[in-house]
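There is one chain below, alone, in structure tokens, taken in the form predicted on its own.
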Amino acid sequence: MDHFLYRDGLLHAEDVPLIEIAAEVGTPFYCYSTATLTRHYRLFEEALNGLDHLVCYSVKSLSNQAILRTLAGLGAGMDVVSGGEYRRALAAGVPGEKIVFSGVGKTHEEMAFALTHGIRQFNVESDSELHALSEVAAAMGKRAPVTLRVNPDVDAKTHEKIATGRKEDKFGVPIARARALYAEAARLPGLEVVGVDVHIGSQLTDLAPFEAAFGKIAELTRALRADGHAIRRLDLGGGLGIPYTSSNETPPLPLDYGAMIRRVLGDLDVEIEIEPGRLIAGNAGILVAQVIYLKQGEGRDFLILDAAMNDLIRPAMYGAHHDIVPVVEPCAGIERYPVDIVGPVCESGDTFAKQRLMPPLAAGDLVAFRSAGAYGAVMSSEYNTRPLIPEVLVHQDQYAVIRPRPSFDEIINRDRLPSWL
């Protein structure tokens, strides 16, 4: 469920008509719903109610300060994968003890900064990182709280580029080596072992891979405790999928996910951490664009928009589907025609949809890409010297620009000419 609905023939974000925002900020732009963000976060809280837990929002999915502060105000922790995301979380008012630092390539500088300003735990992904973190922490007179991210060799049955839990993936340590690496971690002076971490991929639409992975983690937890480790926390990652189409997709509900966690891990007496991003942010955001041209091609027609792959790269990168709807509601029963929906970037990959059935549209009409809140604005670029597009947050009948569109002068003036030019 989201809060982008037609009302009196116009698509609204909560109580604000999108044409009102478009008139003020121009197109394209991202628009987010506070009510949807809030509802989706609370679904996870309800799913884990009664368990000792912390919901750590995955910052990489949508990292604007206004979004982070909204979720922090609801009690969310944060999962970060870079020093920059860690700083974003701090700036949004999240205390260090509620920030989990993940990622395969943490630098010494990032480790030291997080240890200085506070950290809930580092999710360590290799034996070399384990030793590096111990050296950094010991030199500072500290002990870094750690989990080891364990790769359970479970195929999440998701897109190749977002699967992370198979033995051939770059993430985590092989589960067969986990006990030896935990023994090594216990010997290192700068570390404190606090738990186990696992994350098998993104956009999972079936609970079976989760259950298989969590079952392996339960067995490992019992073995590690028998080895003398005080495992008090399990970080289960994120990955629960969302419906990107208006039909035929039925991902598991957070309540079902929570019930499965209780069934598989409920007897371990551990604190549960989860790191959802897509399910919180995905359907809480849309991308609004304007039709520039209708073009008749050889055997097919094109709808050319002012949004492009640099604004929303998911279709080009993953072959991802987004429902695309007119901002002005079509008349009931109106005939739809197949069109290729494309952007103006000079790449054939700048294609959002092929032969998508759409109602008749004209130059100047507005369309909205649904389910664009996660991995939309955060993956955008200025390719073709196209400015990063505005982000807008709606709260009931109010809205605010939370990232303005830069001017061309601002973009060009970031360049620096060498002395010989």
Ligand code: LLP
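All values derive from a computational prediction rather than experimental measurement. Residue positions are given as counts along the sequence shown, with the first one as 1.
Not pictured, yet referred to below: the form predicted together with the ligand.
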| property | result |
| --- | --- |
| Joint contact, S202, E275 and R278 to the ligand in the predicted bound form, by non-hydrogen atom at 4.5 Å | yes |
| Which of 34-42, 373-381, 359-367, 388-396 lines the interface with the ligand in the predicted bound form (heavy atom within 4.5 Å) | 373-381 |
| Listed residue (N283, S102, N151, T147) with a non-hydrogen atom within 4.5 angstroms of the ligand in the predicted bound form | S102 |
| The ligand contact at H53 in the predicted bound form, heavy atom, 4.5 Å | no |
| Touches the ligand in the predicted bound form: L287 (any heavy atom, 4.5 Å) | no |
| Contact of Y318 with the ligand in the predicted bound form (heavy atom, 4.5 Å) | yes |
| Interface membership of G238, the ligand in the predicted bound form, 4.5 Å heavy atom rule | yes |
| Stretch 41-75: residues contacting the ligand in the predicted bound form, 4.5 Å heavy atom cut-off | S58, K60 |
